[in-house]
Structures are given as C-alpha cells and as structure tokens.
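Here's a solo chain for you in structure tokens, the form predicted alone.
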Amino acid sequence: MIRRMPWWLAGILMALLVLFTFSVFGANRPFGASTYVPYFAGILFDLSPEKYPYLKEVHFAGAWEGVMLLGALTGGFLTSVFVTKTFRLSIMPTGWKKYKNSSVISRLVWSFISGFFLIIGARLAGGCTSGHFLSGMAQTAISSMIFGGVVLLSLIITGKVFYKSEANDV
C-alpha cells in the first residue's frame, strides 16, 4: 500500500499542474487559492461589486479558484480513502495534542486566528503561498521570492515561539 508519494513524483505532478493552469487548455491563469475567499465572501454576504470594487477584480479568478479548491478537496478525499487508506476525520491533530494541549476549544480558536492572519497576509501580499510559491516561483517573479523568504522566516520564528514549551523534548 502506498502511504506517501515520493517527493520527486509529487514535484513532477505539481509542475504538470502549474503548466496546465498556465496553458490555454487549462485555466489560462496562474495557480492560486486565496482569491476565492473575497469572492466567496461577496456571494455569502450578498455584497455588491458596485459598492466593493475589489469584487470586480476577483470575479473571474475567484470563481475559477473555487472550482479548483473543490477539486483539490475531492481529490484529497478520494486519495486518502482509496489510495493511501489513511482517511480519518479529526479536529485534534496528534501534533497539536503533543506540543500544545488537548483542548478542542483552544485548537479551534487558534485555527481561526491563524487562518484569519493567513488570509489577510495573502491578500496584502497579492497572493497566497500556492500563488506565490507555485505560480510566482515558476515565473521567477522577484516578489514571489521575497514572499517565500518572508514566509520561511515567519515559519521559523512562529515555530520557535509557538512550540517552545516542548523544544527540549524533541
């Protein structure tokens, strides 16, 4: 049974996906995900694009990214159920329980807070990690390389601060 995909195969498949999204046969646009959030918020709260001009900017991209995210969710579910047979529904990841605590409320609150900062940061940066890392790096965009450096630095600092209580046990 396949438990993990080899890194080189994942890299090749990711490159093919990026090429497909850039091609005229695919989406004919860069790969990304975070634009769907303001697009979906506009639908959810019935916001008028006339009153919120940003919704006009994300109309096409957000709709496409919604379809892409639904496909990623479905593909991940099917792979975990039928290929790796590792599917399980869990609110409390084992890593959270090991390094932080076993409180479900704490896990949900921190997930919301971190997700909020993640999407605000993605919108301020003009794209999320998938947009900058996959599409931006593939285009050798300087802004994406700066974004990648800042994300990696933030990851190291956040990891050191957030998991410091268990640093001696690892």
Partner chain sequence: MMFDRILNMFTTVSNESHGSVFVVFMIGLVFGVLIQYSRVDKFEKIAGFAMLRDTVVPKMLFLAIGLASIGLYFMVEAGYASYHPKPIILGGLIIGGTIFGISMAILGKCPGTGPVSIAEGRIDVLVGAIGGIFGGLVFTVYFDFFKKIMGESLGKTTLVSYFQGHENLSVFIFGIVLIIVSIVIPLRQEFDEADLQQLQE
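Residue numbers count along the first chain shown, from 1. Owing to the predicted nature of the structure, the values given are computational and were not obtained by experimental measurement.
Missing here is the form predicted together with the partner chain; even so, the following discussion is about that form.
- Taking the partner from the other structure, the partner chain in the predicted bound form has a heavy atom within 4.5 Å of a heavy atom of S143.
- Of the heavy atoms in N101, none are within 4.5 Å of the partner chain in the predicted bound form.
- The partner is not shown here, but in the predicted bound form the stretch 100-136 reaches within 4.5 angstroms of the partner chain through a heavy atom at R107, L108, W110, S111, F112, S114, G115, F116, F117, L118, I119, I120, G121, A122, R123, L124, A125, G126, G127, C128, T129, S130, G131, H132, F133, L134.
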